[in-house]
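Encoded as structure tokens, the following chain is the form predicted alone, with no partner shown.
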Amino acid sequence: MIRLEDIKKDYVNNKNCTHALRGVDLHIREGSFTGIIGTSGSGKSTLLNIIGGMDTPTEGKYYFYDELISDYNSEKLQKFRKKNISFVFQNFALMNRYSVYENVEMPLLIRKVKNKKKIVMDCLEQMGIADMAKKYPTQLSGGQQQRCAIARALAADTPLLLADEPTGALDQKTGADIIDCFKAVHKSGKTVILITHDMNVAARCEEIIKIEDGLIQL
């Protein structure tokens, strides 16, 4: 599904250059649940952003289903993300002035999908928060907000779900419950890539990839 070949990413600030990724080769198979683990500054977020089409590599090639993504311009990247990628973030990234239902409905409105109510309620039911559909994010606990974010990603119905430190703002028990949610999403047929600094979280993924100093550790 995903193939990265010698991916490098440099960030230049004034005369300083940071080598965030220094030649990453990586294969992610379709239908897998992969944890990418690394310390702060290891390059894991940069790697996730490139896979998600939020950033472009300085050098190297990124293939998605054998299509070369690394040469895309910003307009093509936007279309690529809309069609293929859903994101779940550490800070939930919910819209507080919209209800739980409306947050989950958003990707369906963008795609002009019919029968939205059934899809939204099915996703909320799968995440165990259907009874909170009319509440607002500020009325939910951290774990419930993250379940809402995962339900929104489910509603988008993309083949790939990317999660950036999704348990980072949660206590250990709630975090474990959220990983159960991701495992359920994976079992439904989605490919899931989750980045974390916590080995206990990574250990619950199907596959683990370690990154340090911008390089995959073999």
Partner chain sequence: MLHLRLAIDNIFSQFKRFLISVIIIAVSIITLVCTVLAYELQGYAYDSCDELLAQGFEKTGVLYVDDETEHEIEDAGTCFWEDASTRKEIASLGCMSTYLFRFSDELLNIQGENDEGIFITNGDEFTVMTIDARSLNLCNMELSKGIEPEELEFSRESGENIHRYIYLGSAYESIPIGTEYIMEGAGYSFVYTVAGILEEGQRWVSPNLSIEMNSTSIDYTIDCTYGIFCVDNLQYFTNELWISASDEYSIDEAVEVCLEVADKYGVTVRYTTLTELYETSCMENVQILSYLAEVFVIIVPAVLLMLIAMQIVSMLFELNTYGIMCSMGFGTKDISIMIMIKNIIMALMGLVIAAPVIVWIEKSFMKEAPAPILAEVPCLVALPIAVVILLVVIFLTTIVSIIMLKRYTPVELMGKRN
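Just so we're clear, the structure is a prediction, and the values are computed from it rather than from any experiment. Positions refer to the first chain, counted from 1.
Missing here is the form predicted together with its partner chain; even so, the following discussion is about that form.
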item	value
Non-hydrogen atom within 4.5 angstroms of its partner chain in the model of the complex for each of L26, F64 and S70	no
Among the candidates K135, K117, R111, K76, the residue which, in the model of the complex, approaches its partner chain to within 4.5 Å (heavy atoms)	R111
Candidate stretches 180 to 188, 167 to 175, 26 to 34, 46 to 54, one within 4.5 Å of its partner chain in the model of the complex by heavy atom	46 to 54
Close approach of G41 to its partner chain in the model of the complex, 4.5 Å, heavy atom	yes
Contact label in the model of the complex: E125 to its partner chain, heavy atom within 4.5 Å	no
Non-hydrogen atom contact A130 with its partner chain in the model of the complex at 4.5 angstroms	no
Non-hydrogen atom contact A20 with its partner chain in the model of the complex at 4.5 angstroms	yes
Within 4.5 Å of its partner chain in the model of the complex: residues from 126 to 157 (heavy atom criterion)	R152
